[in-house]
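Below you'll find only one chain, the form predicted alone, shown as structure tokens.
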């Protein structure tokens, strides 16, 4: 549904993105991640036909973004980070205007405007001036205009920015409900949001793609070990020495260690659960076992490791 190949954008002597390539399957929700200035917004603006690229190709729903931009625009809904709304219009008339611009007939406009207001939770403010709405409500109006016309592809740039926790949960549920019916590319800095909503991720850093794929696949790739956190009341030196002898353990790290004990992170081969061995070791040595739990790997940890790894790798040549 979305195919990007060797996309490059130059601003004079500055290269914003370089040889960006990725694809999004029909009905899939993909998170587009990267630190500030990585090239996320530039890429999304190119896909939305907002600006041209310097080189490379991009196709949406089988249409070339550069040669068939009008056809592409008919098939996408775009919600930028700062939504350009008409502050002197009321919500319902504004959405009706957007629907008319998108070519919907009068009857269909009424039906779709009512539907998207309900889905985006803005029905109660439909008669209010947009300029008097809170930032959260304006963001939801922007999301509603993107969904109007039932586009095949949705490009959402920070769609939950400015929302309170309750609103964020509601919009996450809305975006998740779009899977299958729409293809969605979602840019956000809220990484737990991506874990909840997205099927996969594309990570960009310094203008280039550094990782992409299903979240579970990236976790396995960048964190190839299983992890257990344990708190033991016993001399740290003895704990570290003994736990490192457990079969399958590849590393033991002290997290918060004092003379009387501490917390430790125990890494073992993936698929190898060493909690039983740790429990038995603690009982045998008469240590005070205060806590023992498995530790999952978050997308935030994967993101930091990937981005930090790229920066460290570039330092010697710099």
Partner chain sequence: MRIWPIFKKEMRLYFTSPIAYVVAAIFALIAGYFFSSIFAYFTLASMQSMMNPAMARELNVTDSVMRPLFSNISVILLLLMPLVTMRLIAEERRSGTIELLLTYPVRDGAVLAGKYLAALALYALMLALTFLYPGIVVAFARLEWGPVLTGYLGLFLMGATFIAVGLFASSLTENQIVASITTFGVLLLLWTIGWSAEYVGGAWGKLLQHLSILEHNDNFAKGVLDTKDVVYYANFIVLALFLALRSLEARRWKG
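Here, rigid core means the biggest group of C-alpha atoms that superpose within 1.5 Å across both forms. Keep in mind the model is a prediction, meaning the values are calculated, not measured. Residue numbers count along the first chain shown, from 1.
The form predicted in complex with its partner chain is left out here; the points below concern that form.
For the residues 210, 161, 85, 219, the 4.5 Å heavy atom test against its partner chain in the predicted complex is passed only by 85. The contact residue chosen from 108, 150, 100, 115 relative to its partner chain in the predicted complex is 100, the criterion being a non-hydrogen atom within 4.5 angstroms. Residue heavy atoms within 4.5 Å of its partner chain in the predicted complex occur in exactly one stretch of 288-296, 45-53, 270-278, 30-38, and that stretch is 45-53. Contact annotation for residue 248: none of its heavy atoms lies within 4.5 Å of its partner chain in the predicted complex. Under a 4.5 angstroms non-hydrogen atom cutoff, its partner chain in the predicted complex has residue 89 among its neighbouring residues. Proximity of residue 18 to its partner chain in the predicted complex: non-hydrogen atoms within 4.5 Å are absent; the residue sits far from the partner. Its partner chain in the predicted complex is not approached by residue 235, whose heavy atoms all lie more than 4.5 angstroms from it. Contacts between 1-16 and its partner chain, taken as any heavy atom within 4.5 Å in the predicted complex, involve 9, 11. For residue 129, the Cα coordinates differ by 2 angstroms or more between this form and the one not shown after the core has been superposed.
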